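The data below hold one chain only, encoded as structure tokens and taken in the form predicted alone.
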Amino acid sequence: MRQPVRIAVTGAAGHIGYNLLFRIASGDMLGYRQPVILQLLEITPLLNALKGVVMELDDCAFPLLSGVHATDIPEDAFAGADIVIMVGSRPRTVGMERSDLLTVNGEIFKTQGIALDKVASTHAKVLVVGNPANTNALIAASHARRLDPGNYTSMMRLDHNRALSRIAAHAGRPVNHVRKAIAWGNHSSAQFPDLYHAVVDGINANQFIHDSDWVEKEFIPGVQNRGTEILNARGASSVGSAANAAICHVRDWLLGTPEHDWVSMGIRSNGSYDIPEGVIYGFPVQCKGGQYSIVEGLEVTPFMRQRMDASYRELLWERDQVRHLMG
């Protein structure tokens, strides 16, 4: 039997956290031979609700679940953690602006970033889900003096999956016939969902669909604004699809991306595709052996450049709003 992997999840009694935990414990994220220990963090008023979640996990009798620890103390939740999924944050509600989320959530990720640096495993892989995810990840990573700053990532996989789904629907193909979509930039309405490098049944998606009007007027804004569309319909932000994207992100990062494909991850910019260092930006990546690498050499047209740069500028604006919280 393998040694258990310690997985810390913040906001564990929330809707996304609740959807995540049972899938992690059942083996959906790390495979069906890998035992796990769940270390769950929640705010003090929700500890009783978290106690109920732990009861349910116990009642499932998951063979892979080697232990569960629930706490309201970040240092306890992150102690020795190999994987950290940072979900806990104030959720976006109807009428809330992105600047509101930056102000409210920035302090949370500063505090938790400091705690992570103190007690998490030195090789810990960190995924930030709580929005604004890219900048929250930057805040947490800025306090990483002991951990590898490159191991702080943000979730672009939900946007990536939304792009795949829309391409498949418009092409009239099952979604597993579509590969190589990209979600560039920020997890916001300024992101750039890219089908110009995607393929459908081995054919370039743009050529397969051959409908530039749909791409520019429906596909791109449809992916960009999908979160708002769901928020308006449900009265709450995306939950099941966000939890699924987090599972996909960590699974592919740790276990590897499929051959002849790539995924989108928010990672530290390193100058690739003329995106300067200093932000966490969505890039196409391939993963192997627990490491990611940017897919290089893709053509960037002027149309793409304009949108990629717009997303970068938004990230710069966000960074400026929270500069006082950076380590």
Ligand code: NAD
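From a predicted model like this one, the values you see are computed outputs, not experimental measurements. A residue's number is simply how far along the shown sequence it sits, counting from 1.
One more form of this protein, predicted together with this ligand, exists but is not displayed; see below.
For this ligand in the predicted bound form, the listed stretch (118-126, 150-158, 164-172, 207-215) containing residues with heavy atoms inside 4.5 Å is 150-158.
For the options V36, V263, L41, I280, the one in contact with this ligand in the predicted bound form, meaning a heavy atom within 4.5 Å, is L41. Residue S238 is the only one of S142, T257, S238, N244 with a heavy atom lying within 4.5 Å of this ligand in the predicted bound form. Of the heavy atoms in R23, none are within 4.5 Å of this ligand in the predicted bound form. Although the partner is absent from this view, G106 stays clear of this ligand in the predicted bound form, with no non-hydrogen atom inside 4.5 angstroms.
Taking non-hydrogen atoms only, R146 never approaches this ligand to within 4.5 angstroms in the predicted bound form. At the 4.5 Å threshold, heavy atoms of L298 stay clear of this ligand in the predicted bound form, well away from it. Although the partner is absent from the chain shown here, L46, G88 and P91 each have a heavy atom within 4.5 Å of this ligand in the predicted bound form. In sequence order, L101, N105, I108, Q112, V129, G130, N131, A133 are the residues of 101-137 having a heavy atom within 4.5 Å of this ligand in the predicted bound form; the partner itself is omitted from this view.
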